[in-house]
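So this first bit is one chain, no partners, the form predicted alone, shown in structure tokens.
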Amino acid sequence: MKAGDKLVWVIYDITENTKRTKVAKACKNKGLYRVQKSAFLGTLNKNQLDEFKVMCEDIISPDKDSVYIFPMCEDDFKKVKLLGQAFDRKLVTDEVKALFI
């Protein structure tokens, strides 16, 4: 992870398929890894995070949809506890697995 980068979780609940797909593509375009159908994880710097927020604000309907963005420092990330089946194994890449090993 580069200096200034933060681990970021993005979790969303979006009612329309088109908007949900656009947010998923925005996550992927920012280099985030899908860990579940509506959950992404990866690293972003401050500028990328600000751009991502603006992109999501332009896509969603704030009265119906929600996008949660959780920046975490590496120390906090190491404290994450996994209970049960945390990820959809078909969706998780080796990069995400490496974060938890």
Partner chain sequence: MTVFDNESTPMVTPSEVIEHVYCPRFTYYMNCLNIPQHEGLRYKVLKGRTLHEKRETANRDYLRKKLGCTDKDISVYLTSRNIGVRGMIDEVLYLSDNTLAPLDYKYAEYTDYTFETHRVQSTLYALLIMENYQKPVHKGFICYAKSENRIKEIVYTEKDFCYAKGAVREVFDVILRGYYPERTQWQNRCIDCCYRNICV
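This structure is a prediction, so every number in the text was calculated from the model and none was measured. Positions refer to the first chain, counted from 1.
This protein has a second form, the form predicted in complex with the partner chain, left out of what is shown; the following refers to that one.
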With a 4.5 Å heavy atom cut-off, would you call Glu51 a contact of the partner chain in the predicted complex? yes
Contact between Asn47 and the partner chain in the predicted complex at 4.5 Å, heavy atoms? yes
Does at least one non-hydrogen atom of Met72 fall within 4.5 angstroms of the partner chain in the predicted complex? no
Give a yes or no for Asp58: in the predicted complex, does one of its heavy atoms lie within 4.5 Å of a heavy atom belonging to the partner chain? yes
